[in-house]
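Before any questions on how it binds or moves, here is one chain, the form predicted alone, in structure tokens.
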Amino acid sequence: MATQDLVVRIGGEGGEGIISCGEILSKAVVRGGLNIHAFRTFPAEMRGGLAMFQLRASDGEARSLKQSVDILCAVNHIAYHTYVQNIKSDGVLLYDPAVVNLDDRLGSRRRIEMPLEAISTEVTGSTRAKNMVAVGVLLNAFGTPVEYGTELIREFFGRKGDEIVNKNIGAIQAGYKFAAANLHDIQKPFQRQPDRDQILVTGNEAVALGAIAAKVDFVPGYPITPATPVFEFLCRELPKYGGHAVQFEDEIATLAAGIGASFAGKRVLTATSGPGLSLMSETLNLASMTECPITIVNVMRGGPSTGLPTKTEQSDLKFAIYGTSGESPRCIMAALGIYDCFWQTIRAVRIAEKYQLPVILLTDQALAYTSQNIPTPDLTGVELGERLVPQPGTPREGFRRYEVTDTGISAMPIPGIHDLPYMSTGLEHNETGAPNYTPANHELMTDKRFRKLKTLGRRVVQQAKVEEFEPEEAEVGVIGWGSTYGAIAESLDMIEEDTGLRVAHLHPRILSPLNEWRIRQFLGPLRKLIVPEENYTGQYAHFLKAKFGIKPIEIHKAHGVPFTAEELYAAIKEEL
């Protein structure tokens, strides 16, 4: 049987429980044996503005956000007005006639009156539970038993007492009953797999779980949207594994504390977003100069300045690579999806520890708040990476902390364990750590620090797994990075199905240092290269142009929401 997909978008006002509705629905649908891609977007304010939750459920892979929806559930008129054009021609509008006024843009699409406020008032005595009525309606549309929803109500609201629980359960059951009478023909013949060893997580939660799996000891943090949930999760969970998470007064102090902990031998990770990374830039230089391992997860959002704090953008790449004074080596990585957030966090910590440098792992707001069901990770045989420490019996006299080696990596003593004191300063220094400003020494030590990147390139980057698809006959290729992976892959599948043309695709996880040999090999047979990015200026394309002297076709999107496969399909097909 062909793969079945059902895409539902729920829209309403911030504070009406749209996100809670989507979260409960997502968990229930996963427990019902389907795979999901659940995207949410909301205003920066606590109340007001437009909130949207889109749930894509499939019995195959659900890899990206969809532009067109099977069902639009409009909880208010603004949601209808904003999203009516996204309903498929054979799709359905579910709307509350008390708050939504239809117009001719709906055309001949099917519409079903769904009196959320009236049902909520009848069952609970107020309109506050209308989002739970919507949960019941949509559970039925997905063919998910109502019991999954009522179980989740007890999990979500149990601490609020039986009265609240019973009212919400009543609202869900009333919505389910309404749908059974009016929406029975919407359900799809899904092939379900209810018994799976899987977890449902957001990108932020996957990063936090990766930090725990990497045996991070210390997480300094300062709240900043959209990275705050990483810190909140680790504040709650890391102490259970012997680690510590501490909030500081700002991002400058956060990274300074992280460097201090790293100097003392701890594995350190912190999470921030663009403005926070800007504040960390000077201290990031200190980590490079003192060769202290540290991992920074940068959850990108729309900028500049405060910008779009609750919207997505891939606009921090240039800053991550170049954005400090002087020349300070660091490794830049990007996660491709939710599952990848977990594994790349482990990898980032491992690289930081082994190569004694800062590693910046880039995710973004869409990835951070999107949830998917992923296989429960198996850590059997996973290498965590250990920093190089002095051998027992190393003499104190003449010890060289910053010894020049073939790899650029030198032994790093841990205070209280190795009796080998040394100076660790932001000033240029010689091999012992003593300040030294001579031209010859500066050249020697700069080369030593950057040699670690060359070693990293040989040992890790060239052997690293790269997501790739290279059909022999392909003359057009796409290079992407970060969370665009799912939308690009789906768009290329659509192009092949529609035209028969096969387009090559390369998606590196380590962006700097670049795997130049692998990219040159990919570029060799191509007549055209396309680089899609969620930013205004084409930052990765500029990086590739500088390295390889090429002129790629650039596709930019800086709307605060991610690419959809349909958008990329249209743009890439036009270039073909």
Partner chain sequence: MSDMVLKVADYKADLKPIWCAGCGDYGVITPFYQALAEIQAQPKDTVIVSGIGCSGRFPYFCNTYGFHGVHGRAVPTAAGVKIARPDLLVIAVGGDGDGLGIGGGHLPHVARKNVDLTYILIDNSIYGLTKGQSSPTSPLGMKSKTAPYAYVEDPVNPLLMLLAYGASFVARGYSGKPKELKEMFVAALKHKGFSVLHIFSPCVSMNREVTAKTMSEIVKPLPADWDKSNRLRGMEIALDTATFWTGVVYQERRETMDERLAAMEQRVGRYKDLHELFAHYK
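Residue numbers count along the first chain shown, from 1. In this text, all values refer to a predicted model and were calculated from it rather than measured experimentally.
Keep in mind that the form predicted in complex with its partner chain is not shown, yet the notes after this line are about it.
Judged against its partner chain in the model of the complex with a 4.5 angstroms heavy atom cut-off, the residues Ile510, Glu516 and Ala565 are out of contact without exception. The chain is drawn here without its partner chain; in the model of the complex, the stretch among 355-363, 94-102, 494-502, 276-284 whose residues come within 4.5 Å of it by any heavy atom is 276-284. Among the residues Gly143, Gly385, Pro413, Gly303, the one placing a heavy atom within 4.5 Å of its partner chain in the model of the complex is Pro413. Taking a 4.5 Å heavy atom cutoff to its partner chain in the model of the complex, the contact residue among Arg109, His442, Arg396, Lys454 is Arg396. Residue contact check for Pro377: one or more of its heavy atoms lie within 4.5 Å of its partner chain in the model of the complex. Contact annotation: Arg159 falls outside 4.5 Å of its partner chain in the model of the complex, judged by heavy atom distances. Within 4.5 Å of any heavy atom of its partner chain in the model of the complex lies no heavy atom of Phe231. Its partner chain in the model of the complex is not approached by Phe190, whose heavy atoms all lie more than 4.5 angstroms from it.
Scanning 221-246 for heavy atoms within 4.5 Å of its partner chain in the model of the complex gives Phe233, Arg236, Glu237, Pro239, Lys240, Tyr241, Gly242, Gly243, His244, Val246 in sequence order.
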